[in-house]
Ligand SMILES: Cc1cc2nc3c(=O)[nH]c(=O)nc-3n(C[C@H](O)[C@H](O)[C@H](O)COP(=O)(O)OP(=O)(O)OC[C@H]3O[C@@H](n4cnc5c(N)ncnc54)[C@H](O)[C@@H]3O)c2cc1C
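As a starting point, one isolated chain is supplied in structure tokens, in the form predicted alone.
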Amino acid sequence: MLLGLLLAKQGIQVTVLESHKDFEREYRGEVLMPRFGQMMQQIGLWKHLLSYQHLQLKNFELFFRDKLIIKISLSDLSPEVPFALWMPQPIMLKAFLDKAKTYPNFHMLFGTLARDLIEDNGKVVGLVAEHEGQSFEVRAAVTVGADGRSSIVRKGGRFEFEYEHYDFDLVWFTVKHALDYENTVRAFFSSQYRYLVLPKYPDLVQCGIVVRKGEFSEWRKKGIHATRQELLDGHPIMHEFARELKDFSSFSVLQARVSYVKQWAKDGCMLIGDAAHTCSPAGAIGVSVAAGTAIVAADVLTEAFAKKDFSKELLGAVQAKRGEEVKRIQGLQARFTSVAFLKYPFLQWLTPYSLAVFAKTGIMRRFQRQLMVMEQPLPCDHVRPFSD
């Protein structure tokens, strides 16, 4: 949506295909760290986004059981964007679509599935799509795969991974928002597990339990009673949810998969977002990283249309400009999760104390700034920003 909006702003004919009939579905990556706000400021969309419903999360706190170990103000990390934004993705996507609809060269097709790429002499020239059971072709100078971890475009274009792996799962569930619960990003450590606790617009709290990959299937075998007891041993905000648990239908499992495609572009085709690179949930910056790639892709494609050059060499400039930062962020996440989560289970009891030491010495603050804040503007020479 972001790429399509930016291309439409440059006067380029663009069609966005969305497989679902609307945006109203459940998403997980809805916390937008300050680096996302910085990007939106750079392209002139920040005030537009803030005019839509959202929550502003101003602090990060880490607890061991009920004891506060770390509290960091996001305004200290990023004075220019002093909060994380919780904006449900249906609302954010609608904000982009509302702006895009003002351009007659922007087209959106809901309920439309990409089925396969169309190639001509080794160059991608469009794709075969399906709407309500009817197949049709969409011809394009450039076909962009922004279709996520299970990308049809990536498979159809025979793109290869440089690496793909994951070390843990996140088990998500949603609880009621207590009246006295502040809108703050929190992490809780019990004797056995780590929890992420995030306000969820408008009046819920989203909780995630970090477990070993595949461990949730073991929970199921033990039965709902064992899961209920683990939640009762955790933070009080989960107690009412735990007492009402009847089965496992309230839970969903996200594989914390990290991947990187070897080459993001071919003649007439490129990948962006999770189709090209996925991040760990650590730091809640996956959407921000994907948005950064979309903005740089808009800049490169603006140049490509000006030159009428849609070769893999020119389209590959997106990866040349973004690849190093994506790998750096993935590396930061890996180092954090090796300490904070599950890589060394026999040292779990030390984790809260080591993190407290990191916080007092400033190491944690520097790490969070590297992860959550953009040090330099995105490399954009051709995209004209909006008048925010």
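Note that the structure is a prediction, hence the values are computed from the model and not measured. Counting begins at 1, following the sequence as shown.
The same protein also has a form predicted in complex with the ligand, omitted here; what follows describes it.
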field: Among the candidates 77, 238, 146, 95, the residue which, in the predicted bound form, approaches the ligand to within 4.5 Å (heavy atoms)
entry: 146
query: Heavy atom within 4.5 Å of the ligand in the predicted bound form: which of 195, 310, 83, 172?
result: 172
message: Tell me which stretch of 96-104, 314-322, 243-251, 147-155 has a heavy atom within 4.5 angstroms of the ligand in the predicted bound form.
response: 147-155
query: Looking in the predicted bound form, is the ligand within 4.5 angstroms of a heavy atom from every one of 17, 273 and 284?
result: yes
query: Is residue 295 close enough to the ligand in the predicted bound form to count, meaning some heavy atom within 4.5 Å?
result: no
task: Would you check, heavy atoms only and a 4.5 Å threshold, whether residue 366 touches the ligand in the predicted bound form?
output: no
field: 4.5 angstroms heavy atom contact with the ligand in the predicted bound form for residue 112
entry: yes
- prompt: Taking heavy atoms only, is residue 290 within 4.5 angstroms of the ligand in the predicted bound form?
  reply: yes
- line: Looking in the predicted bound form, the residues of 30-52 with a heavy atom no more than 4.5 Å from the ligand, listed in order, are 30, 31, 32
